[in-house]
Ligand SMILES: Cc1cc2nc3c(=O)[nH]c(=O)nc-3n(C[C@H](O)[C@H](O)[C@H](O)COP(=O)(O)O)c2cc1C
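Have a look below at one chain only, the form predicted on its own, in structure tokens format.
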Amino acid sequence: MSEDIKVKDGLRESATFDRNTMTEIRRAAETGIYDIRGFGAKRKLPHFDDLLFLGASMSRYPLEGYREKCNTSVTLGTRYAKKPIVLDIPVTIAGMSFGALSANAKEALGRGASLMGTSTTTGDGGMTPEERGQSSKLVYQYLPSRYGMNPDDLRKADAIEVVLGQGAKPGGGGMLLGQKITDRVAKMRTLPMGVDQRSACRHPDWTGPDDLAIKIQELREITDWQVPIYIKVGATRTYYDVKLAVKAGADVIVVDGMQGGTAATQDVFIEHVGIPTLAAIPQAVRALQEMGMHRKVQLIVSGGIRNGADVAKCMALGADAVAIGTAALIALGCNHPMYDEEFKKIGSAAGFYDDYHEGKDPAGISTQDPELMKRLDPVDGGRRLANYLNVLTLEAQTLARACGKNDLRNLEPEDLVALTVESAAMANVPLAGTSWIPGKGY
């Protein structure tokens, strides 16, 4: 029988101490260490599938598909930057480090993003020539660890993203095991080869938002005020974090929900820290609106974006763009069934692989093994990613036209209803078939 069966031969499984829980207790008892893994939260959370669009019928006028234009472009960094980033589509590639990912994977991400006129992001560990060379628009992440931090590379970037937190592990740092710290990775990060490292959880040169304002000013002076400065936060106290980031001088806010992935951190972080992406967006938008900065300071949302419907729903809730990470890796070939036999050899299976930190990825994406890396052709991977990004965009446009909108950013909460009380309360939209928003009355 399947392990998912909760009742067997008249016996009923405990909801509190189910088999997975007991397996983890035994593992902890045997090893004395906590579990580390990648990917994102596996528990079921209120998500974008719990929202529906109200397409036009009699009371609304739809646009004719494909014959009437629906704009997808977005400009990021209009507040202070002399050279804001103009994207053809509102879907960007989130920060994923060289070290966690192979050089071929970073190149493929750059190629795919450039084909669609959008940006990619360096991640922890610095900028590689492959990524800069193939990314028409590249965002340089400035992280607490300072791994790979290079002022010359920073000046080559089209934007700078100051990372204060990540959705999968807000309040915690990342991990990179020694087997992935090759000679090249070690030199870029100024680390000893083959030794496990853990990234810092907070920046060493500030203790609060006043210090952040000073750091933003320094970054603007280094770049002569040319490029946008992003602030990225893990979704927790989103309303207050967004207000503080705006006050500190950010051009763009990136909010990463708990469904966002990670290369490696404690499982207890992934499953028990942060709030769902769906709950974070309205908080961020409300903070911006109250400060009179909505659309003036752009909002990028990430964490569990999978399809064009997710993109459109984020934008209807008030985002200017979204960022994808896990989905982009899957588009490159991550967790592909063609490697199922090799997954079995390392104790996993296609669709379940989350041990990215071990560096044994048979798809050649989350590895530094030279032989495995060869399996990912960056040109082919870039083409696949571009195809996927194109589909996301077309799907989002289709939904916007159905709601009578000629620009994705014209979608609004009034176009949405919720299927559950929880999602209605989080998204601040009515329960389907009613005018009731939980907590607000009729």
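In this text, residue numbers run from 1 along the sequence as written. This structure is a prediction, so every number in the text was calculated from the model and none was measured.
Omitted from view is the form predicted together with this ligand, to which the following refers.
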Practice item. Could you work out which of G318, G304, P170, P228 is the residue within 4.5 angstroms of this ligand in the predicted complex, going by heavy atoms? Key: G304
Review point. Of these, A363, V285, A263, A157, which has a heavy atom no more than 4.5 Å from this ligand in the predicted complex?
Key: A263
Practice item. State yes or no: in the predicted complex, is some non-hydrogen atom of D241 no more than 4.5 angstroms from a non-hydrogen atom of this ligand? Key: no
Review point. Is G123 one of the residues lying within 4.5 Å of this ligand in the predicted complex, judged by heavy atom distances?
Key: yes
Review point. Is Y356 a contact residue for this ligand in the predicted complex, using a 4.5 Å heavy atom cut-off?
Key: yes
Practice item. May I ask you to state whether L176 is within 4.5 Å of this ligand in the predicted complex, using heavy atom distances? Key: no
Check your understanding: Counting only heavy atoms and a 4.5 Å cutoff, which of 339-347, 253-261, 287-295, 220-228 contacts this ligand in the predicted complex?
Key -> 253-261
Check your understanding: Which residues in 315-332 have a heavy atom within 4.5 Å of this ligand in the predicted complex?
Key -> A323, I324, G325, T326, L329
